[in-house]
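This document starts with one chain, in the form predicted on its own, laid out as structure tokens.
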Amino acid sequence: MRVAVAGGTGLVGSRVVDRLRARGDEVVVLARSVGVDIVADSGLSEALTGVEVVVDTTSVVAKTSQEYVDFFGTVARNLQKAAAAAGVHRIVTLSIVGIDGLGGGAFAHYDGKNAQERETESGTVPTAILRATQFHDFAAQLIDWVAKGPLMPCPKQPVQTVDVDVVADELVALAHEAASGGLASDRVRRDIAGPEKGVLADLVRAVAKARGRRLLVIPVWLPGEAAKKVRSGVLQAPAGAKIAGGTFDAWLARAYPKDADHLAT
């Protein structure tokens, strides 16, 4: 099978590429570093020649909702247009659990992901959207982004994090299911989450301790309706979600083997 992976050099995409190649698939990486600019629609049509399935794992770090919407919306539209012209059978897209109605402020990224879902499903090429909960790595990323000195504000947020490797496995399985004609609908949606519910601040404290960093984590209430929905648990596994992979504690022990032997409570 010939598969194109958009964002194939990123955190999730690189794992998808490795897994597809290990299965014997021919993989086309869609990324600027290899001469394909999806946003500018440069080199995309040529890259999709003979491709059966596109897996979209693209991501971006932006400042405003509009920047996120522009990026994800443009990527989705361009992938749909080029995929339709190339005769691609299906586009498999990675998204986020529970983002319906979320966006703005601290949740600007979700505006972009909602736009991506809309634009992806509005095209003519059949789609499969995999919504995943936040990755186990999220707490560590949050420390890198937010922590200043010994203090770190952290949103009061229930989580149910999932191993990124499990998400990559699921995307690969979806791609093969799509290529074999195993998806019954033209618009498929699935959810995946990790096995345990928790609180984001606890995960942040656990990572800080594993890193040997003294960090006072201060839970804060973010304003607005989106934050209220998040505090209600919408980013945890919905009914019918696939529960898979190891716990955050197990991931922590692998990521920081010398120090991480427990999950902070």
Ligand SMILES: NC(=O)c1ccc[n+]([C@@H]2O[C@H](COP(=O)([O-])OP(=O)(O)OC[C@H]3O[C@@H](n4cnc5c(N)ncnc54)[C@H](OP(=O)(O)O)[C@@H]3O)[C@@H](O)[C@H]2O)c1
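Given the structure is predicted, the values throughout are model-derived calculations rather than measurements. We number the residues from 1 along the sequence you see.
In what follows, reference is made to the form predicted in complex with the named molecule, a form of this protein that is not presented.
Proximity to the named molecule in the model of the complex, taken as heavy atoms within 4.5 Å, picks out 29-37 from the listed stretches 202-210, 29-37, 45-53, 223-231.
Note on the partner interface in the model of the complex: the residue among Ile96, Ala82, Ala140, Met152 having a heavy atom within 4.5 angstroms of the named molecule is Ile96. For the chain shown alone, Asn114 is not a contact residue for the named molecule in the model of the complex, no non-hydrogen atom being within 4.5 angstroms. Contact between Phe107 and the named molecule in the model of the complex is not found at the 4.5 Å heavy atom cutoff. When the named molecule is considered in the model of the complex, Ser65 lies well away from it, no heavy atom lying within 4.5 Å. When the named molecule is considered in the model of the complex, Gln134 lines it closely, a heavy atom lying within 4.5 Å. Residues Val39, Thr57, Thr58, Ser59 are the ones in 39-61 with at least one heavy atom within 4.5 Å of the named molecule in the model of the complex, listed in sequence order.
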